[in-house]
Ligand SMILES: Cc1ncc(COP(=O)(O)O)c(C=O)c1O
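What follows is a single chain, given as structure tokens, in the form predicted on its own.
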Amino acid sequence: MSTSPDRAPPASTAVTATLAGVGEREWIARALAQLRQEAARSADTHLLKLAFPGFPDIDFYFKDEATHPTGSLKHRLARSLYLYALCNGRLRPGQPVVDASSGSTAISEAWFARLLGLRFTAVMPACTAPRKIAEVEAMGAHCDLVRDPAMVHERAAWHAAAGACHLDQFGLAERATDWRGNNNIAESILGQLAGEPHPEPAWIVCGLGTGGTSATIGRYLRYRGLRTRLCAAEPAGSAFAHGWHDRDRTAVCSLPTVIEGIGRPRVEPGFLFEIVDELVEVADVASIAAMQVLERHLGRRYGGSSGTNLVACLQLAAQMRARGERGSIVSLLCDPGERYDATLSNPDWLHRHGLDPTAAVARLQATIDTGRWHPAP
């Protein structure tokens, strides 16, 4: 692990092991076979159902992406990014790999790099949860930590200029995933709902990291001709929130967030405004409170972005109930709460950051019990 300066030093000459001609093509074929075999071994993630007393006519489902081998939704993305790099001739035998990440994607990318026998560097903000950094390093990867989170893209580009293959989750996520099918997350959700009382959900809710998941879900819903609407759940003041409301791709973050993985400081190129039907902004303290509510109802801990999703689900459900509607709402459980033992799940850390979720927990539980939205005063 290293902490890099905010300004990247001059790039050095890369030493890249490559094979010529048929040898290289054979290596790519073997790598693709390994990725296909891994996909076959990884059973689909569970779709958990919750019934809340205040919403007798609305079913809640949560796709538990924390059960992937690398513990998060980003396992799907990492596999897709490696497939994309291999099939586009961007990744060669022995070439080092790099990407910018706040943690979960880096863990998944490091896992796949180990599977393929490649060296991986994760460019991460220095404020990333320590547990995530440790998990990346446990995969045999290197963490290049930058003090300014806004500099991760520049630093990753520096590594790429020195010869690494830049997986570029923020630039390529929406095009690397096969949104028409191939067991993408939207196809998986709808397949699992087929026998449920409301197989065509009223809403699917997801956060915005790269924008890739929302792009995949939104495109697939249209591809299938479904009436299901897509809601983005975002930390209050994020660039995505400002950008979506104003249709402004130059928007920047006005309120930094402690919820890792979402709430980007800029509008990433993979975020497609046009396929998101609603965007709900959630205060950090409410997301943290929702983490605790999820644990109470599911018996397992999940991360901050999962809490953000729950808040948006409850707000949408309260609106449906007020209109006398029935149906189902689906969202994602993105990663395990244990990754935040030193931060969002740590009372001392919360106190130091002036975050007390007690009142927000009570408001969320009141919404669950009554079916009426209880906003913060």
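A residue's number is simply how far along the shown sequence it sits, counting from 1. All values reported here derive from a predicted model rather than from experimental measurement.
Keep in mind the form predicted together with this ligand is missing from the figure; the text below concerns it.
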Does the trio 74, 208 and 262 actually contact this ligand in the predicted bound form, every residue with a heavy atom within 4.5 Å? yes
Would you check, heavy atoms only and a 4.5 Å threshold, whether residue 305 touches this ligand in the predicted bound form? yes
Report whether the minimum heavy atom distance between residue 213 and this ligand in the predicted bound form is within 4.5 Å. yes
With a cut-off of 4.5 Å between heavy atoms, is residue 104 one of the residues that contacts this ligand in the predicted bound form? yes
In the predicted bound form, does residue 334 have a heavy atom within 4.5 Å of this ligand? yes
Only one of these stretches, 54 to 62, 310 to 318, 33 to 41, 334 to 342, has heavy atoms within 4.5 Å of this ligand in the predicted bound form; which one is it? 334 to 342
